[in-house]
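So this first bit is one chain, no partners, the form predicted alone, shown in structure tokens.
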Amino acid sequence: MTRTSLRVAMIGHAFMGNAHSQAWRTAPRFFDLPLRPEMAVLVGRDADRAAEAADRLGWAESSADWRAVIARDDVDLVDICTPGDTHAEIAIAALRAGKHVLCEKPLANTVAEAEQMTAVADEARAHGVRAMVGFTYRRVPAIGLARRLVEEGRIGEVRHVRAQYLQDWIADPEAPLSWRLDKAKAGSGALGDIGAHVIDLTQYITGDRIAEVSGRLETFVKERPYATSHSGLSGTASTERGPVTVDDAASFLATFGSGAMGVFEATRFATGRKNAIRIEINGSLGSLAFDFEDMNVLEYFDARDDAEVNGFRRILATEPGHPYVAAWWPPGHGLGYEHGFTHQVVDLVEAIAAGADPAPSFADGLQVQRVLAAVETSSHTRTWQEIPQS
């Protein structure tokens, strides 16, 4: 059967660009998609580097001019994998040009930018143009199963939410400066970079939204050596030093709309933790627990079991009935980090083909942005902050 093409332009080709490229290559080979994604053009700031990345990652051509690419009639969707300071300009231009948009998280660097992006997305939606923000951890099968169990009432009324995102890649005070440590480019540090993920995940799993927060941010290392070259996330160091203008760690208390209590932590100083996303939800009838470092497993406690046999049940979320898994391997053959990006492509393409709204929407990204801003304000003022609800 001949399928209509969905021609994709991706802007940015570093860490996230690599992950997104793998997803665009893989999704149509494992999932029966209603549209045929075509990796049309990759855009980067440097023409030579963009050309090399396009050849390596499987894009048909490359460009150093994102505005010219967005103006092309043969581009249907723009995938934004750039630092946060460019999200708003690129996304708004793409939507106004009639292109569907996938934008990496956090949606923007400020609430004002996110509000403008959401307003333009709403206008574009009236013309059949769709926009989605890339919170890919939603697409981990064990996370999808957790959401399903909460929806089914398996753990009853949610009372406690605990969430951590722990990394250690800048624990060394001599790790060099990168754009992720520059507030002008990144918006915030651990709070926005990784804290945004657990904010979204807990709201997604519980089906509830954070209503108020009380938080604290800390920058443990105030200056770092400038990077002299770009390798991985941080590059190599020079002898000159510059200021770190974002937080190294964030922690906050939260109250959800239902009254459930939340405790959140995001840090890039948890020595020994590389990418530990830990979430536990306690309800009146049971509990759920997840750790991304064992990402194919969901732990489930049913408080209604007999005391003699009661305990957390280890569920290996690799059965065909678990979210997304049927398209992959036999039970017990686990999935990895990259599969969340593939599932993101699947959900977006299916929504576009159906004329439906993909999730998470720009409005969802805006709500997370408001939580991030409220935590930052709370840290400065030492007060509880309410989250405006749209």
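For every residue, the number given is its place in the sequence shown, counted from 1. Please read these numbers as outputs of a predicted model, since none were measured by experiment.
What comes next is about the form predicted together with a further copy of the same chain, which is not displayed.
Interface membership of Lys274, defined by any non-hydrogen atom within 4.5 Å of a further copy of the same chain in the predicted bound form, is confirmed.
Proximity of Asp65 to a further copy of the same chain in the predicted bound form: non-hydrogen atoms within 4.5 Å are absent; the residue sits far from the partner. a further copy of the same chain in the predicted bound form is approached by Arg56, whose closest heavy atom lies within 4.5 angstroms of it. Though the partner is left out of this view, Phe135 does not reach within 4.5 Å of a further copy of the same chain in the predicted bound form, counting heavy atoms only. Of the residues given (Gly98, Gly259, Gly153, Pro243), Gly259 alone sits with a heavy atom within 4.5 Å of a further copy of the same chain in the predicted bound form. When a further copy of the same chain is considered in the predicted bound form, only one residue from Thr267, Asn109, Thr206, Thr82 comes within 4.5 Å through any heavy atom, namely Thr267.
Heavy atoms within 4.5 Å of a further copy of the same chain in the predicted bound form map, among the stretches 310 to 318, 82 to 90, 125 to 133, 67 to 75, onto 310 to 318 alone. Shown without its partner, the chain has Glu212, Ser214, Gly215, Arg216, Glu218 in segment 181 to 218 as residues with a non-hydrogen atom within 4.5 angstroms of a further copy of the same chain in the predicted bound form.
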